[in-house]
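Shown next as structure tokens: one chain only, the form predicted alone.
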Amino acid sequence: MSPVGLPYFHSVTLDPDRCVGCTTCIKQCPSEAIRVRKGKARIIAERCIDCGECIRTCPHGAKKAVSDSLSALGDFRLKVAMPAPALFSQFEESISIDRILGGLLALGFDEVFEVAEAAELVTAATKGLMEGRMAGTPDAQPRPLVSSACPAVVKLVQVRYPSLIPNLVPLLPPMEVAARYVKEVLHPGESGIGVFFISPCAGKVTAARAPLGYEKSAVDAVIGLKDIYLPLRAALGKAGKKPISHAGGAGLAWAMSEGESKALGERRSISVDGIANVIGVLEALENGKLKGIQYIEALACPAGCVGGPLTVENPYISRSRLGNRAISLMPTATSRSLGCLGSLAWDNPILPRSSRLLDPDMLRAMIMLEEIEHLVGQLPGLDCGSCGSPTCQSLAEDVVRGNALETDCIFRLRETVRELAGRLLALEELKPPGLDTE
């Protein structure tokens, strides 16, 4: 259950018909949220952070992200498309941003608003936060600050590194800022406005349905980039009106690694992409090894949002394209001011998620912990994943919780078979007392 007492919502889901129980996903999941039992993978909801790593690595396409479809356009009077800047990296540089925006209008949207514009406002707000000029935020946050733009990283901190929650930048992500601007500034008080975010990742789909740091999202629907890519490419030739892009190069670059840091202009910063690399940096931060660093830009996907699991292009080709597009634009947006939106601070605090709580009763939890430690000592420590759990430690935990058997470990099973075989041989040599002549 979620902290508010509702079932966890996750965009990442499993197609059991495609799953063959190969255990590839359990080895790649950064939060140990997947198990393979009875030949099929299953996702532990309270541990999943919607990073989409299982979508990226599953060789059978059994993991997928649930998102909205273009048919949802019919539910609203005025449809506003909010493309993530990663969208522009999926097309050749010869296809202008204005033409891509025009293609969205040809698909049935009435207006477009680039999330890259909102990213520039978040950059300005972050600068104010670091300089102590941001109202509604903590006066003395611990350093370094950790970017909260990537929802998978925010959940990773919440689940695995709760001590680092105070380090998170307490600001709304660009997606939410853009949606609120559309509804509160461009169309204040109007009804029937539908805001559609075009997302490169599953994490942002989840963030629109079950946000962290704010009560309710202003985003009405999220369409996966891969789902809109082909219809949009076909619509490029039909585009009539070509709206003028308002975003600057700094906002556009947010979709790739180092883009946020460069926009911020903080030299004492670290930019890290890829969930395994993010974990390494967060562990170093938790262990007090990042002295002198003021800011960490952490992105769960390789190369940044351009490498999201819902994109279609190679992430490094995408990063090159987007970098070239950003260079050709003005550094910041100039034609429209977003400053009238008001505070960008979180509405609600983020609380730790006790995904690994063994038992609400402290005494019982301590007993279970001792049982886990004892069992870990009897397991081989190879972390092969053949048992359906990602590590020997997690198998021991699953056994103590009653979700697995010790003999799920193939090595423990072989030892048990040998012991049973020895006992059977010894029993075979025994005779009933009346027939024993020795």
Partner chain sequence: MKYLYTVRGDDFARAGKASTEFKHVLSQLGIDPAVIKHSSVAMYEAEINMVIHAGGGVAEADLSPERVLITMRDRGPGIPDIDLAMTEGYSTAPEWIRELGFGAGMGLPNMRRNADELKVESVVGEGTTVTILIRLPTAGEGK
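Since the structure is predicted, the reported quantities are computational estimates derived from the model, not experimental observations. Only the largest set of C-alpha atoms that superpose within 1.5 Å between the two forms is called the rigid core. Numbering follows the first chain given and starts at 1.
Although not depicted, the form predicted in complex with its partner chain is the subject of the following passage.
Margin query: Just to be sure I understand the contacts: of I244, M362, A140, I327, which is the one whose heavy atoms reach within 4.5 angstroms of its partner chain in the predicted bound form?
Written below: The option sitting close enough to the partner is M362.
Margin query: By the heavy atom within 4.5 Å rule, which residue out of A234, V312, V185, M366 makes contact with its partner chain in the predicted bound form?
Written below: Only one option qualifies, and that one is M366.
Next item on the list: Please check if P162 has a heavy atom lying within 4.5 Å of any heavy atom of its partner chain in the predicted bound form.
Entry: Contact check for P162: yes, within 4.5 Å of its partner chain in the predicted bound form.
Check: Does at least one non-hydrogen atom of E286 fall within 4.5 angstroms of its partner chain in the predicted bound form?
Finding: Output for E286 is yes: heavy atoms within 4.5 Å of its partner chain.
Note to self: in the predicted bound form, does R209 come within 4.5 Å of its partner chain, counting heavy atoms only?
What the structure shows: Output for R209 is no: heavy atoms all beyond 4.5 Å of its partner chain.
Notebook entry, point to check: Is there a non-hydrogen atom of L358 within 4.5 angstroms of a non-hydrogen atom of its partner chain in the predicted bound form?
Noted result: Result yes; L358 sits at the interface with its partner chain in the predicted bound form.
Notebook entry, point to check: Heavy atoms within 4.5 Å of its partner chain in the predicted bound form: which stretch among 173-181, 225-233, 286-294, 187-195?
Noted result: Looking at the other structure, the answer is 286-294.
Check: Honest question, do S386, E406 and E419 all end up within 4.5 Å of its partner chain in the predicted bound form by heavy atom distance?
Finding: No, the candidate spot makes no contact with its partner chain.
Check: What are the residues of 101-115, in order along the chain, with a heavy atom within 4.5 Å of its partner chain in the predicted bound form?
Finding: Stretch hits: zero.
Check: Cα of E46 displaced 2 Å or more between the shown form and the other one, core superposed?
Finding: Shift of 2 Å or more: no.
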